[in-house]
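The chain below stands alone, shown as structure tokens; this is the form predicted on its own.
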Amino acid sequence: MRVAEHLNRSLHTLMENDPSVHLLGEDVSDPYGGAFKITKGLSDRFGPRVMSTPLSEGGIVGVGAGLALAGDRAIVEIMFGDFATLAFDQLVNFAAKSTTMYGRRVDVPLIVRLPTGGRRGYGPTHSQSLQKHFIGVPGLSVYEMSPFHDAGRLFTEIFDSGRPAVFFEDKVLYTKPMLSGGDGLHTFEVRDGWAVIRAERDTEHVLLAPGGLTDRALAALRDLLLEDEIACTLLVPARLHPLDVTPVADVLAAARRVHVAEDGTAGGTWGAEVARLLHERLWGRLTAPITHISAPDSIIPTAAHLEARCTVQPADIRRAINT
């Protein structure tokens, strides 16, 4: 099953099991079913609980947050994650702050889904990875889909937390299969929100990366193992912020080299925050500084040969680890 189909089935199951869930977004209703078909079939099954909206990201998120604040649960799809910038006020100043600014704890069960990333030729304003702009916002959780994590469980986890969340979904990842078990070279396991991908042999290298980078990270790990004879463990968290590394503390404790990769540009990023957290825990055991792998300081062009230079590639990860 591919990631897009898995997300679609997870939404069907969620809305079937919980009549308080509403879904809003541009063109999410049938027969279109969303720009990437993640909401296909939902409006036919659940009628008025699925609403195709005007092109107003601030308005959509505001309505979703209002539904959540009033006691329902809301999932908002923004067609391209780039336009979360138009909903920044509703996310940061309304949804996130509403959990604590009324003198008592208030649940705001809101999920804002954000198709993200480049490598599809959509150009500068439809290809960005804006995760870093939401890291550290009090009251707001940041998640990212991976082929290892069960989306239904993540949606339920977010709703049960009572905190609003942005949920990033890499657009190329939609076309990739869900993964479990292993690939012949590495074993896959999920523990408390973390995917742990290990080689058979011992390794001193650990790579942390969000879900949208998993296909490129796995390609880099295979090349490192087969061509450079370097084994590396990959750690993929479902929740990027707040980040709890306790479930993988044993893996990190064995590391002598740590690398962090992400799709966005450098500067105030998730990767930099991870490096800060791990430096405090591991600096006495590491044999080199934590390596940070990110996209160049550039817009993302439409032309494929130029776009490839402005997004993180497997060769970039391999080169950083094999240095």
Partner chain sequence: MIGAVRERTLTPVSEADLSRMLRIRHFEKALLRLFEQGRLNGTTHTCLGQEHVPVAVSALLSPDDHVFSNHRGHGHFLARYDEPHALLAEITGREGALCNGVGGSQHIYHERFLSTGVQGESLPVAVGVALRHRRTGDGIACAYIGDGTWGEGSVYEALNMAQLWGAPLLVVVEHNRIAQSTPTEAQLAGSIAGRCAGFGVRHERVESVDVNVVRGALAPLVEYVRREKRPAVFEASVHRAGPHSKGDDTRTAAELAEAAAGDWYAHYTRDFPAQVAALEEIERAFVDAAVENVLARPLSEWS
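Only a predicted model underlies this, so the values are computations on that prediction, with no experimental measurement involved. Positions refer to the first chain, counted from 1.
Missing here is the form predicted in complex with its partner chain; even so, the following discussion is about that form.
- Remark: Ile60 counts among the residues lining its partner chain in the model of the complex, judged by a heavy atom distance of 4.5 Å or less.
- Interface membership of Thr125, defined by any non-hydrogen atom within 4.5 Å of its partner chain in the model of the complex, is ruled out.
- Its partner chain in the model of the complex comes within 4.5 Å of no heavy atom belonging to Pro138.
- In the model of the complex, its partner chain sits beyond 4.5 Å of every heavy atom of Asp150.
- Out of the listed residues Thr53, Thr291, Ser29, Thr265, Thr53 is the one that sits within 4.5 Å of its partner chain in the model of the complex by at least one heavy atom.
- None of Asp160, Asp89, Asp192, Glu189 but one reaches within 4.5 angstroms of its partner chain in the model of the complex through a heavy atom, and that residue is Asp89.
- Across the options 215-223, 242-250, 202-210, 100-108, residues that bring heavy atoms within 4.5 Å of its partner chain in the model of the complex belong to 100-108.
- Scanning 66-80 for heavy atoms within 4.5 Å of its partner chain in the model of the complex gives Gly66, Leu67, Leu69, Ala70, Gly71, Asp72 in sequence order.
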